[in-house]
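Let's start with one chain on its own, the form predicted alone, as structure tokens.
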């Protein structure tokens, strides 16, 4: 049985306040947790078991997914203290693998050919093989240098423009042999990228394969919003696309859309949501379960969490509103502003330019002036 060890222990600090109460793998992406997309991808490629190496708020993950998901067995191992990527993979794999296995980050979206990656790995008799992905702006990433046959020859962190000779980066999915675990002392925090892979380069046993397909690291408000766009646009081929259909629109049968409200695809309206008259929702907007969008609201390129309440005439454009938050009338939230879960924002406030409002915070009316 092919096993995947998935790292889901991080605190997701760059996504706060959205991760203040929710671990990053459980943040909703359209209508399901981010981690569900990883399970969907693995199940398509015959992975039979997933072992989650957990740390931050692990009980939420186990309570949602239980002992099986997408036909896979799911196990949970909770780190007593952070072990890093190498330590986390070893901790998750111990006693659970007897051959080639996968190690991967649990906070990325990927649409890759896992079977092809494993076949390449075995053909090269590698100890570890990295899934590589090309990027448009290599200066933003650590780069992976390879020979013509895929042998990894080195890594280039924070490259200067004149140093850039490749656009390939580590996509956070690895095919590994059990011998790799021997390079990781038990219980010691280590990075597989910085502490293990360079040693495999010295041995000539680390390979990389670039595959076509979608990849996105979901680690910031900007990339989290982009993930929603890509799922709604069907740039990322997911099961949610089937719900959206040919018109790129899903309105749950239990949602209420008043006459005179205008929905512009692509958009997703969750169960029990209410859209009042005169509201304009879309494009690229997600309305969570039980959310209430007041009359004359305008939402575009927006993620509105479950049970959010938006007062009359409030605008949300290119921004994120966490679950159970309330915004009064005539507010404006835009330009990657983030309203934390449970926050209460009074009338006529403007949130702009990446401003973050903490979970449960209360902002009086007209405090953040136009």
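A quick note: this is a predicted structure, and the numbers were derived from the prediction, not measured. Positions refer to the first chain, counted from 1.
What follows is about the form predicted together with a small molecule, which we do not show.
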property: Partner-contacting position among 83, 128, 152, 114 - heavy atom within 4.5 Å of the small molecule in the model of the complex; result: 83
property: Heavy atom within 4.5 Å of the small molecule in the model of the complex - residue from 250, 238, 105, 133; result: 105
property: The small molecule contact in the model of the complex: residue 11, any heavy atom under 4.5 Å; result: yes
property: The small molecule contact in the model of the complex: residue 79, any heavy atom under 4.5 Å; result: yes
property: Partner proximity in the model of the complex: residue 38 to the small molecule, non-hydrogen atom cutoff 4.5 Å; result: no
property: Contact label in the model of the complex: residue 345 to the small molecule, heavy atom within 4.5 Å; result: no
property: Candidate spot 229, 266 and 319, all three touching the small molecule in the model of the complex (heavy atom, 4.5 Å); result: no
property: Which of 324 to 332, 62 to 70, 307 to 315, 48 to 56 lines the interface with the small molecule in the model of the complex (heavy atom within 4.5 Å); result: 48 to 56
